[in-house]
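A single chain comes next, written as structure tokens; it is the form predicted alone.
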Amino acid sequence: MDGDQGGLTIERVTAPPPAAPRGRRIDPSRYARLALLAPTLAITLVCFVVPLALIALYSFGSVNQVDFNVFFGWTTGNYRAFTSSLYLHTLARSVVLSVSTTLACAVIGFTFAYFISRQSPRAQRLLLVAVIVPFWTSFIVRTYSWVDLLQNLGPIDRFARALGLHGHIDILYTQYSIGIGILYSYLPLMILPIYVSLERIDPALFDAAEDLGATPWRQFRRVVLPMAVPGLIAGVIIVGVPALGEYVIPEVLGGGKTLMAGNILADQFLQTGNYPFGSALAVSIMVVLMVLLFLLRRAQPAADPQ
């Protein structure tokens, strides 16, 4: 409104017209990220999601004992058959053996990784090469070598006799020989991630803890152990998961006398031809692994430093 009131000039202020709505801009970087993720997503879908879905689908089917054709009747009989004492005892034996060998690998691997991390850089490189050297030979050859070492009148038996121990060390083709084979085969996989965590510890932390009056045991408990937890958990997962479904070591060092979950699972697919029941076993083992991993993940915050 324009006007003159007492010498004052009042001008009308007109609001600017509303801006025209703009079209939604396309962010090229978003499509670039999706293009980079596409190969990984495709590999995950084809190599992991689809096979797991097929196994879950087969686990609810049934097989014709005459021509071994699979029928999908959506039955839970395969899971009910898994609850028999034979399979439950086998699964329990596999869990106990895998957990015990994983704990043994953790104790020995942590000790050796800590020893490596406290050496000079040159000595660390030499010791790491010594840890990796067994992987340069075939896994089957390394496993069969323990048959000669553990058999009666073998090197270990003769060494025990030389020490004056009476009787044979008859542990071949037992669960003890399987445990030794798993411990030997998977120990390097436990040492390496723990070493990576320990190697990152700043030596100044030990000097600071010592200046504050911390004893060596307190330094280990409050400095070393908390900072090694991520590598320790990674090693437990890397060792524990394949140890539960191990097939080659129980077959070679167990001699078919000690049944493990991996052996029964392989027999259902390769010999019996009962794909639905084998799939139910695979799904059940996978569920057990998921529960163990969940418990391990739940226990991780308790190990964090306060």
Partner chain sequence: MSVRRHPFAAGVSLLVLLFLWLPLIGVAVNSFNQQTIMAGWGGFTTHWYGLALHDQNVRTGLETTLYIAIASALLSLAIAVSGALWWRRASPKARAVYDGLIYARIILPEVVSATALFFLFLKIHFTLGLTAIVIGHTVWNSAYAAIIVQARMAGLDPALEEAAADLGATPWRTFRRVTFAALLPAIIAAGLLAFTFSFDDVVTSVFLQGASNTPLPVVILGMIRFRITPEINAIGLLVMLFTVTLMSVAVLIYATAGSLGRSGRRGNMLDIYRGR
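The term rigid core refers to the maximal set of C-alpha atoms that superpose within 1.5 Å between the two forms. Note that the structure is predicted; figures quoted are calculated from it, not measured. Positions refer to the first chain, counted from 1.
The same protein has a further form, the form predicted together with its partner chain, not shown here; the description that follows concerns it.
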| property | result |
| --- | --- |
| Candidate from R80, H89, R118, R161 lying within 4.5 Å of its partner chain in the predicted bound form - any heavy atom | R118 |
| Interface residue in the predicted bound form among V96, L149, L103, L165, criterion: non-hydrogen atom within 4.5 angstroms of its partner chain | L149 |
| Close approach of I171 to its partner chain in the predicted bound form, 4.5 Å, heavy atom | no |
| Non-hydrogen atom contact F112 with its partner chain in the predicted bound form at 4.5 angstroms | yes |
| Contact label in the predicted bound form: W136 to its partner chain, heavy atom within 4.5 Å | yes |
| Contact test in the predicted bound form: I55 vs its partner chain, heavy atoms, 4.5 Å | yes |
| Within 32-58, the residues that have a heavy atom no more than 4.5 Å from its partner chain in the predicted bound form | R33, L36, L37, P39, T40, I43, T44, V46, C47, F48, V49, V50, P51, L52, L54, I55, Y58 |
| Threshold 2 Å Cα movement between this form and the one not shown at A282, rigid core reference | no |
| Core-superposed comparison between this form and the one not shown, F269 Cα displacement 2 Å or beyond | no |
| Core superposition between this form and the one not shown, C-alpha change of I43 at least 2 Å | yes |
